[in-house]
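The chain below stands alone and is given as structure tokens, in the form predicted on its own.
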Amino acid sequence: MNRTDTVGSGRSFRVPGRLVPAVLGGFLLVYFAFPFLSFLSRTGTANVAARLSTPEAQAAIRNSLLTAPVSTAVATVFGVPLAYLLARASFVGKRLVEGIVVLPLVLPPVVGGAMLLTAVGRFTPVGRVAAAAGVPLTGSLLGVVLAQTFVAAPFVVITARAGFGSVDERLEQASRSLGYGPLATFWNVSLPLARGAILAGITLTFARAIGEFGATMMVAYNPRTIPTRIWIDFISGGIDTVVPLALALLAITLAVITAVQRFGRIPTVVDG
């Protein structure tokens, strides 16, 4: 809707109703894009191919590509059922459960890593038992998975819950009236109808997991992942030394998001 304002001697001008949101949003968009473009401009000063071919960089990329999909799978397997429960059930303590799910999102990742250390560190009962069994929970790829899952899993839970909440419960009731049990109804009705939101949550979870630094640094500084390797390179060599691995991380994330959006048909910010 357009608004007409009168100025001076009856002269009027029309202000498009979306002009103010566009201007305000444009400032934020520029704020997002400017650092990104500035960073890309540094690629000419960095020998990208040579730095990515070093054993340290390749090990970091390999570790990230091993752990992030595992963390995403764990978050999905356990998070989607939890999301459905929160969307459909009412029970005592539900608010507490919702708060626990959101907690890793509001905590600084370093604090989340410290909390994990108090639970599964090598000097804790759980950590000692695991280490004695030959499965250390810190300073290992498993420790990386634990850190990534802790900080990234809420994304799939929250997004999938919104998807399940948008499914008409009457469709589920119709399925139950036809003789299908709760699991069959969930698998054949609820899950397909919430598929877009779930895929969006999985994508966000993967992107968050592969870029996780703070909690990972606390729980498993070794073996290196891409973010921890970037930090080490920055400390030792400055901003130009982190460009190659940062570009690799960006490329991996964009490739996954593009593939899921293309083949999974998840909603995007530009959908009407």
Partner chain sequence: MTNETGESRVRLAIDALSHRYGDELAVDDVSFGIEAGELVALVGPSGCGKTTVVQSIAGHVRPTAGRIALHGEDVTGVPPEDRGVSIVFQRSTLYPHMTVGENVAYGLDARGVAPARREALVSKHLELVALDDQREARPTELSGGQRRRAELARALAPSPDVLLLDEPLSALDRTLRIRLREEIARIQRETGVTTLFVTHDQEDAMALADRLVVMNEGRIVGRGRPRDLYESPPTPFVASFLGRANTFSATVLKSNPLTVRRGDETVEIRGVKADVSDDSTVTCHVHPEDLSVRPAESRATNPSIRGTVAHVADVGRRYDVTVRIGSGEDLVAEQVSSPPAVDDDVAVAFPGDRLHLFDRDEGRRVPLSAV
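Residue numbers count along the first chain shown, from 1. Just so you know, these numbers come straight off a predicted model, no measurement behind them.
We do not show the form predicted in complex with its partner chain, though everything after this point is about it.
Remark: Pro192 counts among the residues lining its partner chain in the predicted complex, judged by a heavy atom distance of 4.5 Å or less. Its partner chain is not drawn, but in the predicted complex it has a heavy atom within 4.5 Å of Ser177. Contact annotation for Ala114: none of its heavy atoms lies within 4.5 Å of its partner chain in the predicted complex. Among residues of the shown chain, Thr118 is not one whose heavy atoms approach its partner chain to within 4.5 Å in the predicted complex. Figure note: of the listed segments 129-137, 77-85, 162-170, 94-102, the one touching its partner chain in the predicted complex, with heavy atoms no more than 4.5 Å away, is 162-170. Residues of 82-114 that come within 4.5 Å of its partner chain in the predicted complex, judged by any heavy atom, do not exist; none qualify.
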